[in-house]
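Below sits a lone chain in structure tokens, taken as the form predicted alone.
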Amino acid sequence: MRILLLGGIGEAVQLARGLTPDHAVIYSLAGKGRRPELPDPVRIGGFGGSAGLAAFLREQAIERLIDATHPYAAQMSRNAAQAACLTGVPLWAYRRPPWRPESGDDWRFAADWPGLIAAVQAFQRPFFTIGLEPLRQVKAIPPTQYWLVRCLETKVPSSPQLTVLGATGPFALEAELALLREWRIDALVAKNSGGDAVAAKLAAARQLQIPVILLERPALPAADREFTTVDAMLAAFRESI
């Protein structure tokens, strides 16, 4: 079977490797993060919206489209759903389970950026781990706050109230504990991404009794079949051969 796998998270790489022995897989990345080492072709870059993705599916004679993008890559998931409708290619999706609070957690939730900023007003030294948006809001940093931001961006705006750490997971618990202590962080700002690669920051916040402000997940379109584990999707492929 010819498969286009829209990736971007660790489980997507696991899926690609698990499918390779029996199928022809094209692994697609938006262009951010590490390029995985795979025996299959790896495509970097966008498609030009849902119409461009539909054209690619036709040109490559794709028989199955897999959405294994980041839970917050809502536009890509919408494009995948629309392209599947335009072409009739079945869409399967891996939906990574969200994190759940544990005993000792102090989690607050925000539906969008304005809500998140409102929730963070009570703190002085927040640590943002939600991507690039904080860098677009540097001029809005209150005079009483100092922001620590961890993301992949290399072009960093200059501000005496901002430090940017260019890093990507996985992160170890001890390193996260040391970082929170060193920067005197009093609030962690995160997306509810799920997975293991960046979960250590939540455990560190729990251990140090630091509140966590979580940006809620966007609504994603339905797929023909949805899976919450890699093994379940691979098993479904084996059953369909």
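The numbering used is simple: start at 1 and walk along the sequence shown. As the structure is a prediction and not an experimental result, all values here were calculated from the model.
Keep in mind that the form predicted in complex with a small molecule is not shown, yet the notes after this line are about it.
Novice: Based on heavy atom distances of at most 4.5 Å to the small molecule in the predicted complex, which listed stretch, 177 to 185, 204 to 212, 42 to 50, 55 to 63, is the contact stretch?
Specialist: Selected stretch: 42 to 50.
Novice: Is there any non-hydrogen atom of A172 lying within 4.5 Å of the small molecule in the predicted complex?
Specialist: No, A172 stays farther than 4.5 Å from the small molecule in the predicted complex.
Novice: Answer for W147 alone: is it within 4.5 Å of the small molecule in the predicted complex, judged on heavy atom distances?
Specialist: Although the small molecule is absent here, W147 would stay clear of it in the predicted complex, with no heavy atoms inside 4.5 Å.
Novice: Should A30 be classed as touching the small molecule in the predicted complex when contacts are defined as heavy atoms within 4.5 Å?
Specialist: Yes - in the predicted complex, heavy atoms of A30 and the small molecule come within 4.5 Å of each other.
Novice: In the predicted complex, is there a heavy atom of the small molecule that lies within 4.5 Å of any heavy atom of V89, even though the partner is absent here?
Specialist: Answer no; every heavy atom of V89 is more than 4.5 Å from the small molecule in the predicted complex.
Novice: Name the residue from L116, V164, A73, I141 that puts a heavy atom within 4.5 Å of the small molecule in the predicted complex.
Specialist: The residue from L116, V164, A73, I141 that makes the contact is A73.
Novice: Within 4.5 Å of the small molecule in the predicted complex - does that hold for a heavy atom of every one of A110, V120 and N192?
Specialist: No, the candidate spot makes no contact with the small molecule.
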